[in-house]
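To begin, one chain is listed below as structure tokens, in the form predicted on its own.
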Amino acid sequence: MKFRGKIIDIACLNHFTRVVTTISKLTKMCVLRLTPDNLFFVLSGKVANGGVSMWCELSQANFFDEYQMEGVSSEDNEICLEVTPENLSRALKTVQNAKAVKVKLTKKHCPCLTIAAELPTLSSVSRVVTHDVPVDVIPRRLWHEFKEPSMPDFDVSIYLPPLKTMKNIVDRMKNLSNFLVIEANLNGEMNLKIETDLVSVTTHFRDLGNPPWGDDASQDGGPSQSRDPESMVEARVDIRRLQQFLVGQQVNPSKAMCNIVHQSVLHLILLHEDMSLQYFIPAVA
């Protein structure tokens, strides 16, 4: 197993750092899956993390100037590492003005992702800063847990309002309740609601638009094909999970949308030209 990559372009370095920092706000531990063409940050929906799962996909060619890897074998040409994204984010943040950054899988006292940065200098002597981020190598028999989650057979898909606006609303609602109901329809309307014994608050959004797959994604005449466009579909979720997603977001996506499986799952998607992030929050009764 070998992996080494090099980032020279400072914009690519900054963007990669923002992505890793976003991941670090969503989870304390995750799996970094390396393939010849892509990097994936994966969190599988176990009860230990509240059933939340995440899938972030990056095209290596859009971030790395050099990228070489050899997987476990020629048939299974992948590497899976358990990593603490906060440690990776912290290391990357300290080398933002570097001339070049190398990332390499090394064996020190334990397996590590070693980040070596060549920093600018006024003299002819080069300055290199090195960070060792400990990782655990995940054995081949467990890889099946970290495959791309299937797209849920959703009832409604809708574009999200500006994430900053949504974050400000959720921040205020969090002071009033632990749970939030998010509901939407095929007419581009979405509501955020909280209801307690003392207070009921609803924020309405209109004209958000529905992604084109909203009409036919539920295959074979599924619920979304026959659904009344005005009919609302809802999911009641832990407001902290939604806030965590909105607070951590640093990638400024070109598109942000959510799919709702009625009273089951809230599936959030951020799309950028060179990365995608999916985040699944289970509904609560």
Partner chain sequence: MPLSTQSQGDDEQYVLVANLDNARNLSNILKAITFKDHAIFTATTNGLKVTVEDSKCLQANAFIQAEIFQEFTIREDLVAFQINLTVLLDCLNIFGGTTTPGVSTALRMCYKGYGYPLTLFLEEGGVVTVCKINTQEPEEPIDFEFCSTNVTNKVILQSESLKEAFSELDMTSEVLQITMSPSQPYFRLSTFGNAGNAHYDYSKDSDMMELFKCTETQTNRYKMSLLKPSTKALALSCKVSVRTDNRGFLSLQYLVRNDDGQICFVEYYCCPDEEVEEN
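Positions refer to the first chain, counted from 1. Just so it is clear, the model here is predicted, and its values are computed rather than measured.
We do not show the form predicted in complex with its partner chain, though everything after this point is about it.
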property: Residue 204, heavy atom within 4.5 angstroms of its partner chain in the predicted complex; result: yes
property: Proximity of residue 172 to its partner chain in the predicted complex, heavy atoms at 4.5 Å; result: yes
property: Non-hydrogen atom contact residue 168 with its partner chain in the predicted complex at 4.5 angstroms; result: yes
property: Contact flag, residue 142 vs its partner chain in the predicted complex, heavy atom cut 4.5 Å; result: no
property: In the predicted complex, the one of 198, 125, 128, 110 near its partner chain [non-hydrogen atom within 4.5 angstroms]; result: 198
property: In the predicted complex, the one of 137, 119, 176, 72 near its partner chain [non-hydrogen atom within 4.5 angstroms]; result: 176
property: Segment that reaches its partner chain in the predicted complex - one of 143-151, 190-198, 90-98, 74-82, heavy atoms within 4.5 Å; result: 190-198
property: Heavy atom within 4.5 Å of its partner chain in the predicted complex - qualifying residues of 92-109; result: none
